[in-house]
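First comes one chain, alone, set out as structure tokens in the form predicted on its own.
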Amino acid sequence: MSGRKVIPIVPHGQLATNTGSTALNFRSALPLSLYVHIPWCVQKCPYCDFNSHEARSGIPEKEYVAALISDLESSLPLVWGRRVGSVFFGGGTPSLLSGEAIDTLLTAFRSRLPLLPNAEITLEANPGTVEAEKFAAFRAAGVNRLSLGIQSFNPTHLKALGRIHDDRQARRAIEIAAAHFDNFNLDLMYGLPGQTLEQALSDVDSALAFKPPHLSCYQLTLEPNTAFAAAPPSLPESDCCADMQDAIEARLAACAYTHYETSAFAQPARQCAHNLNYWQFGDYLGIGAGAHSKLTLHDRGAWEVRRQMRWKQPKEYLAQVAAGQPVQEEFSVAATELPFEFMMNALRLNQGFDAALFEMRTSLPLIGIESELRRAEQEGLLERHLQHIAPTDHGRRFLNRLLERFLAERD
């Protein structure tokens, strides 16, 4: 016995398409991404609630790479024959791995999965001289998009955030990244301890000087079970943070960046394909310690959306993979929960979604949530134009309130 929970395929209806067929081309039509979690970092940031662990005595690179490949192999029956449009190395700090390790993994992925020729392959990295020197090796291995965790260019704010790099290292890392990658993202945060509106805009201007194809701008929030939650720093007032958000959006719009998702801004045709797949409620297979998966299964008229979570602690994950049990938790999403799960992702997109996408991703008719849609529309949170649905400016600002409209009648 593997110990893995056995989940029956639950019929949730038929997959809707423009022709009304029943998912004859299901495997080729539904997008699939691969997420790879690298759980180690040099130092845990006080605001971070991700599954990351300080690598005080190094990381077991070869053992972990072998475990990731084994993890993927055990999951192949769930995704067999499906094309993969993107790969994302997240963490933790994936750039702690060597270029050789990334090359080994991507070679293994390509030999086991049909990666599209133009698949987006992203790797998260943190600034620092040692890691920046690896960028050329990552590019040679096949990584074609880099995401740099800059957070701020202000030395005082970087120190307050517990970052291990300074502003000089941040700028140098971007220069090296730009030399090797024509597609890269810079992560910035605002609403930092002691930060003013002018300082927030200064960070954005510093980033724009490098002409990044993509920017992610997040407001710092105090998450449970973090050092900041235990000892909260003094943050700017909510009105000040709202002013920062408005000013950042205006500055980036003036520089021709499209604000396509709650925290994401991109130059034309530079949106993150991997994250777009999440927000459009596509499928993703997650491997590595603590990784999550969302997979849609369709067989003989039965429909199921299945979620999985891998073992979180790296040592336990390695042991469980060796025992043939990489999945700690697995369950089928109830049909009544699918509308909320879909909206929780799709309504993050500023341009919204076509009504047909809801039926394609959930197998449920949109008429089933007509009362919720109408209520959100009446409250000024949502707008509909023919077969297109999108949050209003008010709905984007109060997204949680909008999402609650699709949760209330299903609890």
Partner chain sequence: MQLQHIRNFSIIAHIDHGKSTLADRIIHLCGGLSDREMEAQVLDSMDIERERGITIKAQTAALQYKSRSGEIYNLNLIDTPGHVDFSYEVSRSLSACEGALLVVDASQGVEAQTVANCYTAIELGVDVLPVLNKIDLPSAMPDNARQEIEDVIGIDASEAVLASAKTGQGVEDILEAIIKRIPAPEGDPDAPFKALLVDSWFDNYVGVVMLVRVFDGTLRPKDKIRLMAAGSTHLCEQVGVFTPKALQRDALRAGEVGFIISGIKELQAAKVGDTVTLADRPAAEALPGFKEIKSQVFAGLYPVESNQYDSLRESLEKLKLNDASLHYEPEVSQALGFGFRCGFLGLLHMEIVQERLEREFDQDLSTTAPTVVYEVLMRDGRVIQVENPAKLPDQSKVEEIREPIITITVFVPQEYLGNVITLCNQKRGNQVDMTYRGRQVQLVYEMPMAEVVMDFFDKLKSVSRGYASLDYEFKEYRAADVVKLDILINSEKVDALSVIVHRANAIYRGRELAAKMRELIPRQMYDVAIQAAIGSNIISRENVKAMRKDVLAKCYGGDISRKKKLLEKQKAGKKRMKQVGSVEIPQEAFLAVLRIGK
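Positions refer to the first chain, counted from 1. The structure displayed is predicted, hence computed values, not measured ones.
The following text describes the form predicted in complex with the partner chain, which does not appear among the structures shown.
Contact with the partner chain in the predicted complex, judged as any non-hydrogen atom within 4.5 angstroms, is confined among 345 to 353, 363 to 371, 60 to 68, 37 to 45 to 345 to 353. In the predicted complex, the partner chain stays beyond 4.5 Å of every heavy atom belonging to Ile389. Residue contact check for Glu131: none of its heavy atoms lie within 4.5 Å of the partner chain in the predicted complex. Residue contact check for Tyr284: one or more of its heavy atoms lie within 4.5 Å of the partner chain in the predicted complex.
Heavy atoms of Phe210 never reach within 4.5 Å of the partner chain in the predicted complex, leaving it off the interface. With the partner removed from view, the residue among Asp166, Asp205, Glu316, Glu337 that has a non-hydrogen atom within 4.5 Å of the partner chain in the predicted complex turns out to be Glu337. In summary, among the residues Thr196, Gln245, Thr107, Ser98, the only one with a non-hydrogen atom within 4.5 Å of the partner chain in the predicted complex is Gln245. Contacts to the partner chain in the predicted complex (heavy atom within 4.5 Å) from stretch 372 to 389: Glu379, Leu381.
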